[in-house]
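To begin, one chain is listed below as structure tokens, in the form predicted alone.
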């Protein structure tokens, strides 16, 4: 997946590299993906509004989705640039508070879901995942993921420095309890398997980057798989989705409808796509066309070529995140960067896999393209922290000698990229 550091070479004893120019390729790839998302939402917004207005429950303007997405984007970009500008030490101060707030907000949402239907919460098909504040809605599981990311990075960073990453009682049990409680709140109480998968992907990447032994990693994956199977077996709608994935025979047309429409959307786009405004799936045929199913709309609009470009852009963004992680000295920031990589990679893999029939259908947004505010806000916030971390990377693989030479001997201009090849630094 990505390189793991030798624990003896990754303690807090390393000097902090001097500040330099950030990796602006991260901003470039994120910006292109956001623009593609805006174009797609613009092309299907009239169709979605027409369908919603036809139901008689709303009277939305033709530009409703575009206006909302621009608002969400403004908030997300503000979070990105603020996070990219703040001192990194600030994120060390409040990880426990953010994690606790995320857990409490999810627990409160689950509790309210048992007492009411509507009002302060949004309940859809028995699933309770959102607070409804009238003008805006809020998904607390995104805050919980951010809390796990911050706490996990600072906690595991300390354990790496103390060479206790593989300690069962001091490291693995605390992290395991956080994951178990989070999964119970999100997957069991809120019925959100997709978010549970992204939490697993994020935590796995962080533990891998921290240097957890392969024995413990394999055991963790095994326990997670068994837990996932049990959660499917005790949930009828998940069993139906799994059966639909393996074979559409024996299941109702309603159960296979979503994946069938996604397949039709991708197939009808051909190689070059139907073009902006010429698709039909947004007229109520494809469920969640502006949210979880946005990749199928991309395929219908821009075809196989456009879909491939989107995947390549995500791969390029993830590669730049890996480069930041590889050259980061402080273990907590290296682990945090790995967590952001795991989070975004899992979102993309699960979303694209579900739309193309590689994985069973589950509700996960496609970062930067899907319509919505909470996911966009926290994804940009997390990527902004990675941008800030990229200002303190080194040229070489991290050893004590190289870290000292980077910070005390080499005095080049700070505008240079920090990813020069080792051959040029001999």
Partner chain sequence: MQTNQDYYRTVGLRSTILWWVVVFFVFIFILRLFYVQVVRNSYYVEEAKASQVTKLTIFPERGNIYAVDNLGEEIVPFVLNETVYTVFADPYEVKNALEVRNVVNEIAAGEIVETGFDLLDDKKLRYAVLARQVSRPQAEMIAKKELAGVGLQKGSRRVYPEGILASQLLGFVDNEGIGKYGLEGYMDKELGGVPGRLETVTDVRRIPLTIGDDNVSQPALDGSDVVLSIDRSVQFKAERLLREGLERSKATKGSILVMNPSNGRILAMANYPTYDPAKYTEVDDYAVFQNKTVAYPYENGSVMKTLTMGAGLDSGAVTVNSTFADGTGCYKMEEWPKAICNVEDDPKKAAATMLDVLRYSLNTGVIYVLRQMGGGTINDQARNTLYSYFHDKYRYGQLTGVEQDGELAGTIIKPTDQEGSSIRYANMTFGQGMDNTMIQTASAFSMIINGGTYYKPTLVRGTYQQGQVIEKMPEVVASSVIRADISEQIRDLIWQGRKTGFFGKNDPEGFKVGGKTGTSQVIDPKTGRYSDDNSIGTYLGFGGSNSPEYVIMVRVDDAKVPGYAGTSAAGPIFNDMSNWLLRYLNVLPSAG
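Numbering follows the first chain given and starts at 1. The shown structure was predicted, so the numbers you read here are calculated from the model rather than taken from an experiment.
What comes next is about the form predicted in complex with the partner chain, which does not appear here.
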Taking 4.5 angstroms as the cut-off for heavy atoms, does residue 211 touch the partner chain in the predicted bound form? yes
Wondering, does residue 199 line up within 4.5 Å of the partner chain in the predicted bound form on heavy atoms? no
Answer for residue 287 alone: is it within 4.5 Å of the partner chain in the predicted bound form, judged on heavy atom distances? no
4.5 Å heavy atom contact, residue 93 to the partner chain in the predicted bound form: no
Using a 4.5 Å heavy atom cut-off, are 174, 224 and 234 all in contact with the partner chain in the predicted bound form? no
In the predicted bound form, segment of 132-140, 265-273, 181-189, 67-75 with a heavy atom within 4.5 Å of the partner chain: 265-273
Check each of 329, 144, 150, 343 and return the one that places a heavy atom within 4.5 angstroms of the partner chain in the predicted bound form. 329
Heavy atom within 4.5 Å of the partner chain in the predicted bound form: which of 312, 230, 168, 115? 312
Can you tell me which bits of 303-318 touch the partner chain in the predicted bound form, meaning any heavy atom within 4.5 Å? 303, 304, 307, 308, 311, 312, 315, 318
